[in-house]
Structure formats: structure tokens, C-alpha cells
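What follows is one chain in C-alpha cells, specifically the form predicted alone.
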Amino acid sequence: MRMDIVTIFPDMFKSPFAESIVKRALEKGLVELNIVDLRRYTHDKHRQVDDAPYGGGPGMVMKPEPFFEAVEDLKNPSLKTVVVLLSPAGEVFNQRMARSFLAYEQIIILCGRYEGVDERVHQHLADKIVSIGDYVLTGGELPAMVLTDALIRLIPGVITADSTAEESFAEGLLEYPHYTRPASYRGMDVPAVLLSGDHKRIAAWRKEQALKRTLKYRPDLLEDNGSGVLD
């Protein structure tokens, strides 16, 4: 998979992608990750990517031309590609959406800034508009890191399939509780069933605990369709 992240702050991505699972995926060649400076696609001496909004109002709006030219330059016609614009106006990102992106061979991620991006980018360039939550950040760079991390770890070979099969949201529920050594710590004991060696009982306990945890912390996941499966 190839991922192109278009931003005016490319240096923000150096440290997060130089560590841990993402770093190993890059070293194994399981993903190609390109951080692209949007200012490469400007044509004035000031490399301007924003301008005042028509109709007045506070702040500046990012211009359409650099985004369109960046996508035209980066898009590989031989690959199945999706263009993603990160915006508070977008569909809220979740695990199901992350998995859906695995269907693409190239993902171009556009990071907005300031008061937002010219609406023509929303309407005529982006295939999908994505938000990571109902709050506003200073730009799309942090959401791009979140989306990239969530997606890369799902690519076959990056981590073991078992690790992603039973984690939170994999089946529409939060993940069951985990325990490790010591079996008893300051009067807090690991549930006896986990020490029993009875795999059938352990599986039933984990399923029950996942449901209880979801009901307590995220009942909305069950309310989506009444079955505990995300839409």
C-alpha cells in the first residue's frame, strides 16, 4: 500500500513514524509512506497556500489550486486510489472505516489548516471526508497520524492476525479485560477463571466481560443496530 500525506508541516511526521510498529512496517516494505509539502504546488514567491475568505469573516482559507495539483501529481493511475480530506465536517473515523481503506492500493490524505479548505476541494477533489471526533484541532496533521497508524497496523504482516481479530471494535464490542503476572497484587486478584486452564470457560468469560464493558462505557455501540455490531 502507498500512502501520501499532503501537509504544510511535513516535519511534524518525522518522529511519530520513526518509532514502533509503523517504523517496522516501513522497514519491511509493507507500506510506502510519502510526506508531501503542499507548498511544492504553489507558484508565487511567498509559496502562499491560503487567502482571505470571500464574503468576509475571520481567519484564512486554504486555496484549492495546490491541493488539486498535488493530487494530480501524486495519483498513480495504475493503482486503486482514494483521496481523503481530514475535516471536522467529515464522517467520524472508526475501526470499520479503517478496515475499508484496505481495499485501496493508494491513499492520498489531505491535511487542512486555518479556517478550513476551499469548498471545491470538499466537493470535487476528495473522495471521502473524515473526522477523528467532534472537536476542532489546529490542523489535519494529528488526525492524519491517527488514521495512518490505525490503518498500517491492519495491513497483513504488520502485526499478527490474532492481535487484530479480538481487539476493541473488531466485533462491535470493546475488548475484554487483560491481566498478567503477578496473580495477586495488593489484594487485587486475577479472576480465577483465567488461571483455570479451561479454554472454553475462558472464552465464555471474555465474551461476557466484553459485553459488560461495552454496556458500561460505550452503550452506543450496541444501540447502532441492536446487535453489538458497528454499522
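From 1 onward, residues are counted along the sequence shown. As the structure is a computational prediction, the values presented were derived from the model and not from experiment.
Here the subject shifts to the form predicted in complex with S-adenosylmethionine, a form of this protein not shown in this document.
### Message
Is it the case that residue 148, even though its partner is missing from this view, gets within 4.5 Å of S-adenosylmethionine in the predicted bound form, heavy atoms only?
### Response
No - in the predicted bound form, heavy atoms of residue 148 and S-adenosylmethionine never come within 4.5 Å of each other.
### Message
Using a 4.5 angstroms cut-off on non-hydrogen atoms, would residue 132 count as touching S-adenosylmethionine in the predicted bound form?
### Response
Heavy-atom contact with S-adenosylmethionine at 4.5 Å: present for residue 132.
#### Entry: S-adenosylmethionine contact in the predicted bound form: residue 114, any heavy atom under 4.5 Å
Output for residue 114 is yes: heavy atoms within 4.5 Å of S-adenosylmethionine.
### Query
Using heavy atoms and a 4.5 Å limit, would one call residue 138 a contact residue for S-adenosylmethionine in the predicted bound form?
The answer is yes: residue 138 has a heavy atom within 4.5 Å of S-adenosylmethionine.
### Task
Report the stretch among 94-102, 139-147, 74-82, 152-160 that approaches S-adenosylmethionine in the predicted bound form to within 4.5 Å, counting heavy atoms only.
Single hit among the candidates: 139-147.
#### Entry: in the predicted bound form, residues of 59-90 near S-adenosylmethionine [heavy atom within 4.5 Å]
Heavy-atom contacts to S-adenosylmethionine in the predicted bound form: 86, 87, 88.
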